[in-house]
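Read the single chain below, which is given as structure tokens and is the form predicted on its own.
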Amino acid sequence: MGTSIDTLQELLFDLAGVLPADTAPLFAMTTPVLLETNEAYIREEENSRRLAFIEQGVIRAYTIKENGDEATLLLRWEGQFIASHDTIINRQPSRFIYRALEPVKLLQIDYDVLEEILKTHPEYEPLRNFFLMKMLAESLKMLESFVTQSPEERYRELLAERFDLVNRVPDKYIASMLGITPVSLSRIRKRMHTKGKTST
């Protein structure tokens, strides 16, 4: 548990410098959570306002369309935060399912408890703003990528950010997140492989 807290504390200091000197009240409300492969973290229509730092593993957020097909919204992995935008920002039930694709280790904060802590420790307000702005920035980046980038560009960006995901996440989930079919993803990979050969 100490290692998890040190990791999260170091990350927050590095990214935002938002934590005051006394972190005891904040970390007293964190709880470690372990998820097994295929276990749901947040279910569709759930109102739970959980916010978690991923120490290990990959989580997929997806929805099931009327025709039964699954549409992947996002993937989150080590060193990132996972939460339902619906429950935390919009204060409405989650429209998506958040499920572990492999064993996952989380450090979780109940967002409602965080808001209660803020009543007696207003010095943590920048931390809440940090979480909210990070979630909004991720949503905007995802939206902009679909407008300004091709599927191949989005795939290249994913590889640059986390190359090992291609060996940890099934192709159909990656393709769905990119807004293409697994066949199209295969073509992109083949094209990239061919380009790589000709450039060497």
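All residue numbers are counted from 1 along the displayed sequence. Superpose the two forms; the largest set of C-alphas matching within 1.5 Å is the rigid core. Since the model is a prediction, treat every value here as computed from it, not as a measurement.
Keep in mind that the form predicted together with a further copy of the same chain is missing from the display, and what follows is about it.
- Contact annotation for Q108: none of its heavy atoms lies within 4.5 Å of a further copy of the same chain in the model of the complex.
- Taking the partner from the other structure, a further copy of the same chain in the model of the complex has a heavy atom within 4.5 Å of a heavy atom of T63.
- T120 falls outside the set of residues with a heavy atom inside 4.5 Å of a further copy of the same chain in the model of the complex.
- Residue contact with a further copy of the same chain in the model of the complex: E144 places a heavy atom within 4.5 Å of it.
- Checked against a further copy of the same chain in the model of the complex, the candidates S139, T31, S48, T37 yield a single residue with a heavy atom inside 4.5 Å, and that residue is S139.
- In short, of 161-169, 37-45, 52-60, 144-152 it is 144-152 that has heavy atoms within 4.5 Å of a further copy of the same chain in the model of the complex.
- In the model of the complex, the residues of 118-142 lying within 4.5 Å of a further copy of the same chain by at least one heavy atom are, in order, E125, R128, N129, L132, M133, M135, L136, A137, S139, L140, M142.
- Shown in the overlay between this form and the one not shown, fitted on the rigid core, is a CA shift at L127 of 2 Å or greater.
- In the core-superposed comparison between this form and the one not shown, the C-alpha atom of R154 has shifted by at least 2 angstroms.
- Relative to this conformation, a decrease of 3 Å or more in the Cα-Cα distance between G79 and E125 is found in the model of the complex.
- Pairwise change in the model of the complex: S48 and K134 C-alpha atoms lie farther apart than in the shown form, at least 3 Å.
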